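Here's a solo chain for you in structure tokens, the form predicted alone.
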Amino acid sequence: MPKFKFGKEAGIFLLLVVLCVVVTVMNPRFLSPINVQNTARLIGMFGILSLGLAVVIVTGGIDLSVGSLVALLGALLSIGLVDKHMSPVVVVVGVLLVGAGLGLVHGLLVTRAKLQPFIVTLCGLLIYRGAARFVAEDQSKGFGDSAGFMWLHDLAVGNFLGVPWPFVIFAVFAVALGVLLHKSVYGRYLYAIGRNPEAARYSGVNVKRVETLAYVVAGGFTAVAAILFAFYTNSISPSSHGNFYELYAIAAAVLGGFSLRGGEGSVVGVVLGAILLQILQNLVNLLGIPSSLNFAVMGAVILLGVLADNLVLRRKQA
């Protein structure tokens, strides 16, 4: 069974604490209730994406279609609720099934058609973005005053005992995924596949089924996040909604210790990675740093995470 790498996680936690102290000293508004709630809400939504992507990354795969899928599912959600006046429960279940179903398609293309995950999900990125623009007729979609489905709106912008609902959902998903990855047979299979798929196959693991299910889980998590993002923004522009969200998810997972080679990482790490990443984004905003540098920060985070991963690997091999 994979064990938590306490040293790496402790390092991330220490960096997080130091960063919070520095930002607070430079701008006391960092700890204001409004800023803390807004940051926690974003941590929750992006954290859910990161958890789903981590399940794929641990197998040695990748999913570049996350942002475009968020846009497509958001558009379908608005069309079903506002344009078609369908039952909110039916629409939500439908969106979740579409997300998981497209994840299943990814998994089958990777495991059965033997295509590279990078190529499969890169095509998905383009296809889903085009599909979102098509179904929305290239027009922005929204939910108005959310009459008839206010409970969905509250899940995105409301609080539970002062804690934003997205963060609560993120915490529940993190606990559930932690049990799945670190306490179940399926989790051991995922790590085994990431380390050496051939060895896992010879050990009796149904590699194709386990890996396919990982993409289904990622698709389902993306669908949940897509619903929250849609109501949080209350405006889905099919050409830009969800742009680069996959980079946030990848960066959080890599920063949290999930190796892009597969077979490494823990849920605690990706949770800390998601929190740290949003704190960095909040720092950019509070310190008046041009927002155009957001993506530069993201690229630097991914680069540093990969460099750290390579350094750890070299020390193991030495």
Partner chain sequence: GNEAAAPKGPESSASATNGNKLKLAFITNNASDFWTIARKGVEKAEKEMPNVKVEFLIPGDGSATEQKRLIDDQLAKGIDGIAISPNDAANATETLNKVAKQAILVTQDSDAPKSDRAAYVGTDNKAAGVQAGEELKKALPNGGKVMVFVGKMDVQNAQDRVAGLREAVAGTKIEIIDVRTDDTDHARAKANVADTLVKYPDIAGLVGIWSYNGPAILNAVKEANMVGKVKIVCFDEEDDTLAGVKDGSIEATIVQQPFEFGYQSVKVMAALKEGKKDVVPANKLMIVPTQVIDKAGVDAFAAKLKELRGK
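Residue numbers count along the first chain shown, from 1. These numbers come from a predicted model, not from an experiment.
Keep in mind that the form predicted together with the partner chain is not shown, yet the notes after this line are about it.
A heavy atom within 4.5 Å of the partner chain in the predicted bound form is found for exactly one of 86, 157, 175, 97: 157. The stretch from 162 to 170, 226 to 234, 213 to 221, 88 to 96 that comes within 4.5 Å of the partner chain in the predicted bound form, counting heavy atoms only, is 226 to 234.
Contact annotation: residue 284 falls within 4.5 Å of the partner chain in the predicted bound form, judged by heavy atom distances. When contacts are judged by a 4.5 Å heavy atom cut-off, residue 42 counts as touching the partner chain in the predicted bound form.
Contact check for residue 13: every heavy atom lies farther than 4.5 Å from the partner chain in the predicted bound form.
Interface residue remark: residue 24 is not counted as part of the site for the partner chain in the predicted bound form, having no heavy atom within 4.5 Å.
Shown here without the partner chain, the chain has 133, 138, 139, 140, 144 in 123 to 152 lying with a heavy atom within 4.5 Å of that partner in the predicted bound form.
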